[in-house]
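The chain that follows stands alone, in the form predicted on its own, written as structure tokens.
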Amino acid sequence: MKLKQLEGLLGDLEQFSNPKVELEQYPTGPHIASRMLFTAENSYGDITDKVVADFGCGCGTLSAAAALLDAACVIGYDIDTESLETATLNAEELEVEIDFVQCDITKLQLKGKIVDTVVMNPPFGTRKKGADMEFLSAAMKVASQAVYSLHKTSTREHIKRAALRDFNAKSAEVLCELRYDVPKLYKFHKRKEVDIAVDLWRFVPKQN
């Protein structure tokens, strides 16, 4: 599948109808999601025929992208029932098979490296300090091949240090810097939309 085609399909998905600020729910736009998954597959072969987990999947944009790129199995995890209902409808609309699981990522009790690749757009930790790190820690415990994740560019050094020192990463690489378009979703947002600089990371876990 070509990148433009993937972006077009993701652009038709339903997003949060009632976003929850405490969960830092922001939609992953089709531009970023398509490039994230396209790069994971075309540069590294980490999606097609692989078991892919989407942590904090929200309305399932990254999950859908993985399924459209022919992942062997896609599992989307999220704590929010409403988001998972929307994600399920999105999967049905695209006619792709995705398993959705309601759970708290930070309390995930998965034993060992049961998935090949984790993709995620975690909370950036602006409402709950360290939320991004909790997601990264959880992802590194279950991925056998790679973790793809978006984090604020301003946290780059902190992320790299923590991944290599604390989360058992063999390598932590910023693949590109992207502009994350945050629309006005919440009352406290003053401007119509804001661009945030984010890094697309690829973490490779050490093989235990």
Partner chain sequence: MRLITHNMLSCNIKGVTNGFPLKIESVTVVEKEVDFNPDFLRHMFAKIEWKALVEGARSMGYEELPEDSPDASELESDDETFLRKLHHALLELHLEEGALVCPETGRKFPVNKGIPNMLLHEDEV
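Being a predicted model, the structure only gives us computed values, none of them experimental. Residue numbers count along the first chain shown, from 1.
Heads up, the form predicted in complex with the partner chain isn't pictured, but that's what we're talking about next.
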| item | value |
| --- | --- |
| Exercise: residue 129 in contact with the partner chain in the predicted complex, heavy atom 4.5 Å | no |
| Residue 135, heavy atom within 4.5 angstroms of the partner chain in the predicted complex | no |
| Distance check, residue 69 to the partner chain in the predicted complex, heavy atom within 4.5 Å | no |
| Contact label in the predicted complex: residue 155 to the partner chain, heavy atom within 4.5 Å | no |
| Stretch from 147-155, 28-36, 168-176, 45-53 whose residues place a heavy atom within 4.5 Å of the partner chain in the predicted complex | 45-53 |
| Residues from 54-69 in contact with the partner chain (non-hydrogen atom within 4.5 Å) in the predicted complex | none |
